[in-house]
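The chain below stands alone, shown as structure tokens; this is the form predicted alone.
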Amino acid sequence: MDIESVSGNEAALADAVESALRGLGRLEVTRNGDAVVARTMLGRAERIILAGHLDTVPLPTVAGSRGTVPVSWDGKVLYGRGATDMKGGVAVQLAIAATVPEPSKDITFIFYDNEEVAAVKSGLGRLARENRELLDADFGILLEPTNGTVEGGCNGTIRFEATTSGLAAHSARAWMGENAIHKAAPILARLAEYEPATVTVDGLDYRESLNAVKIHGGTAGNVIPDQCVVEINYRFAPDKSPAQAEAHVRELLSGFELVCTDSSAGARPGLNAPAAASFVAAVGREPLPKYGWTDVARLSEMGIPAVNFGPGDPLLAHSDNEHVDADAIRECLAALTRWLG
């Protein structure tokens, strides 16, 4: 964690990870940019993926914040950027590689860059395009923070811009114009009245949400605005495709100009895979749904059922007080060691 690795600046950490993995002498190691893939080659009947991203969001700027590099450690709790999201999980990956030399399943360890930024930059996406053969597996585990509970699949996400147009005029003669911000009121009303669904998918209940997340318009304090843009985000259950999610939002906001700006499919829970049942048993907790989008969706898209499982409270991710209990890391390591031992 003392190696700063804000998105786009993962090289030093990738170098350290690569060096540690090559030093074990028993893994096939491949480097692609600032992503590192290491594989056991034991001829096991099953191969599983343990994946985690190396990058973090930028360091906090709040004076006196504990979320800094170097980290703060009191013997029980580790404070610092990436403690939860997700260097605690990466530490577990590295520990498994070092301490479980003869796992019951072949393992592909994936450490990748640029998860916290635009999807087009994703190191996992780049690996899927350029080294797809390295990613073949029967089951995947993404070590995102889940408080040590298996979280199946993830919701999808789609974003829109809803634009209203008016006519600019001096605010002292407002009757000469048309207020575009006022025209956006019905959009906000429909969103405020919308009741999001809870959808059961393969036994897990996924809560959806549909919200205005940003609004902007107007040019000056004495000008009637001639344009207003409302940015909207829909988090949809993995029973829907992005196309179905888009159709749903367009129906709700019919009559308004909508432009889809971004979308990512969700992932079904992944608990139907043969490896999933034994893994859940090793963890010993009832699985939960993942409401946020994670890279299990990328694995699912490749035909690899996958779940989220890692140390730390996801609510602390990106916070200036980001921290993780040492015991939480040890418990995740123990569960994976039981399963793989």
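What you see is a predicted model, and the numbers here were worked out from it, not measured in a lab. The first residue of the sequence shown is number 1, and the count goes up from there. C-alpha atoms forming the largest set that superposes within 1.5 Å between two forms make up the rigid core.
Not pictured, yet referred to below: the form predicted together with another copy of the chain.
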Of these, H248, R159, R126, K105, which has a heavy atom no more than 4.5 Å from another copy of the chain in the predicted bound form?
R159
Would you mind picking the one in A192, A98, V259, V120 that has a heavy atom within 4.5 Å of another copy of the chain in the predicted bound form?
A192
Exactly one listed stretch (205-213, 264-272, 76-84, 240-248) reaches within 4.5 angstroms of another copy of the chain in the predicted bound form by non-hydrogen atoms, and it is 205-213
Within a 4.5 Å heavy atom cut-off, is P58 in contact with another copy of the chain in the predicted bound form?
no
N179 within 4.5 Å of another copy of the chain in the predicted bound form, heavy atoms:
yes
Would you check, heavy atoms only and a 4.5 Å threshold, whether G217 touches another copy of the chain in the predicted bound form?
yes
Can you check whether N233 is within 4.5 Å of another copy of the chain in the predicted bound form, heavy atom basis?
yes
Contact check, 312-334 vs another copy of the chain in the predicted bound form, heavy atom within 4.5 Å, ordered by sequence, gives P314, L315
Core superposed first: is there a CA shift of 2 Å or greater at N222 between the shown form and the other one?
yes
